[in-house]
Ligand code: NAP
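Below sits a lone chain in structure tokens, taken as the form predicted on its own.
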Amino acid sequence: MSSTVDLTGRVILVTGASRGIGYAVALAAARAGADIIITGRTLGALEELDDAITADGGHGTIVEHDLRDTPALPRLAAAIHERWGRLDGLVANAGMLGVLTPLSHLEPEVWDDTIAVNLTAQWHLIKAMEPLLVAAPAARAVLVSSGAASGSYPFWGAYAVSKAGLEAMGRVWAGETEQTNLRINMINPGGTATSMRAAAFPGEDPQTLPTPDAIAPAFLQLLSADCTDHGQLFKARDMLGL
């Protein structure tokens, strides 16, 4: 895949775009020419992102949305269909860390919330958006995973379980769409200087980590029509040589 990605005219939905990785990927994709649909829970942050997209000559559409509001996803899909008739790219980035504590100490509502956002809502997102993705000539979907999905991560409980489930769901989805023009892959951003990372590792110096802007190009490679990989898990740092 080329290091310079052209996304001109491609309609791309980025969830969790109000900050961190989602913000950086949405802005980078807009700079590469995409029409960006940005969702998140914080309207003010989405408006700031939209202003940045517009300042660079791009086009953004704001959708204030909490992924736990799963009935809103079919309505969003209907609005996308009415305006564009297709979806060329999906970045399923929105997620939550939950609480880092032993499994047996987790409060039930924390477990339920983390699984609801990081896994169940992602299934609702896939269900709502798949027809639009399949309708596009070369759609690409990127599911955002984590190193916590594999190996042993004590105290990462619901988050680790949800990301392992997301990867399994991505592989299933990829297997089901092999005969379409849709290509689906997962990406592990690795340690990145985000607020979620700071919450998980409060003593870590963020200056030692790549910024979201630094890893965004890896996402653009997977969103490109030139990407032919399918059902794979990529490490952003390896893709970019970081």
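Predicted model, so just to flag it, every value in this text is computed and none were measured. Numbering starts at 1 and runs along the sequence shown.
Beyond what is shown, the protein has a form predicted in complex with this ligand; the following relates to that form.
Put simply, of 178, 66, 205, 51 only one has a heavy atom within 4.5 Å of this ligand in the predicted bound form, and it is 66.
The closest heavy atom approach of residue 197 to this ligand in the predicted bound form falls within 4.5 Å. In the predicted bound form, no heavy atom of residue 223 sits within 4.5 Å of this ligand. Contact between residue 19 and this ligand in the predicted bound form is found at the 4.5 Å heavy atom cutoff.
Although the partner is absent here, residue 185 is not a contact residue: none of its heavy atoms lies within 4.5 angstroms of this ligand in the predicted bound form. Looking at this ligand in the predicted bound form, residues 94, 159 and 189 each place a heavy atom within 4.5 Å of it.
For this ligand in the predicted bound form, the listed stretch (125-133, 138-146, 79-87, 167-175) containing residues with heavy atoms inside 4.5 Å is 138-146. Contacts between 27-42 and this ligand, taken as any heavy atom within 4.5 Å in the predicted bound form, involve 40, 41, 42.
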